[in-house]
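Given next, in C-alpha cells, is a single chain: the form predicted on its own.
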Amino acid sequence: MAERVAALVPAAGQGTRLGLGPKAFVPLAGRPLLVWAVRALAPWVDEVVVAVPEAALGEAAALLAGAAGTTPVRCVAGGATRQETVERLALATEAEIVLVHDAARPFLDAAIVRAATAAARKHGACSVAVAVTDTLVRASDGGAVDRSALLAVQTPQGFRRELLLRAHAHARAAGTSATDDAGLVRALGAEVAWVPGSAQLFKVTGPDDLALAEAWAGTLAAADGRG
C-alpha cells in the first residue's frame, strides 16, 4: 500500500513585520497567501492540514473551501510558537510522509514538491535550500564570510512523520528550540538531505517582499494569458 503524504501549513503567525494582520490572510493578486500555498501543494498530496489562530478557524475553513480541488483540507488551531504549531499539525494527520511548508512562500513549484516528497521517503528527512549568492561580511569588522559552505533554507521540509514527532517530543522534553524542523531532527542525530530550491520560492516577510511578490504574480498571470 502506498504511503500517504500530507502537507502541513503552519499559518498561525500574526505577521507583525508585514503589519497587515495575520500574514496568511494577506491578499496577493486577489488571493490570500494561504490559498496560494494550499493550491500549490494540493495536487501532489493526499491531504492538506492548515494551522491558523483559533479565532480564525471559521474564516480559514470558508476561505479554503474548494481551494484544493478534490484534496481534503482541514484546519486546526495553532500553538503559541511555530514549533508548537508544527507539532500540532503532525499530530493531526496519520500520513506517513509530511511536508511542512510556510504559507508565506506562495510560488512553490510542483517539481520541488515532488523532489521533497521523494527525498523524505528515501532519507527520512529533507529540506529545500538554495546556495547563498550575496557577499557576506561580519557586522563587527566587515570581514568576509566564506559563503561556499552556506545554504539558505526554504520550505517545504519533508519528513517521515514518526521521525518529526520524535524530534518535537525530544525538543519539548529538553526545553530546546530550533529555527526550523530540520534543526530539531538533526538534534536527534539524524541526517537531513538537501533538495535544490529556487529563487522564486522567497518568503514574504516585509512590505518589500510583498511588492516583489505582487510583481511576480503579475508576471505569472501574463504568462498564463490572464494578464
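Each residue number is its position in the shown sequence, starting from 1. This one's a predicted model, so the numbers in the text were calculated from it and none came from an experiment. Here the rigid core means the biggest group of C-alpha atoms that line up within 1.5 Å when the two forms are laid on top of each other.
This protein has a second form, the form predicted in complex with a further copy of the same chain, left out of what is shown; the following refers to that one.
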Partner-proximal stretch of 114-122, 142-150, 91-99, 68-76 relative to a further copy of the same chain in the predicted complex, 4.5 angstroms, heavy atom: 142-150
None of 55, 62, 174, 199 but one has a heavy atom within 4.5 Å of a further copy of the same chain in the predicted complex; the exception is 199
Is residue 110 close enough to a further copy of the same chain in the predicted complex to count, meaning some heavy atom within 4.5 Å? no
Hey, in the predicted complex, is residue 47 touching a further copy of the same chain, heavy atoms inside 4.5 Å? no
Any of the heavy atoms of residue 186 lying within 4.5 Å of a further copy of the same chain in the predicted complex? yes
Looking at a further copy of the same chain in the predicted complex, which residues in 194-218 have at least one heavy atom within 4.5 Å of it? 194, 198, 199, 200, 202, 203, 205, 208, 209, 211, 212, 215, 216
Would the C-alpha of residue 122 be classed as shifted by 2 Å or more between the shown form and the other one after rigid-core alignment? no
After superposing the rigid core, is the C-alpha displacement of residue 144 2 Å or more between the shown form and the other one? yes
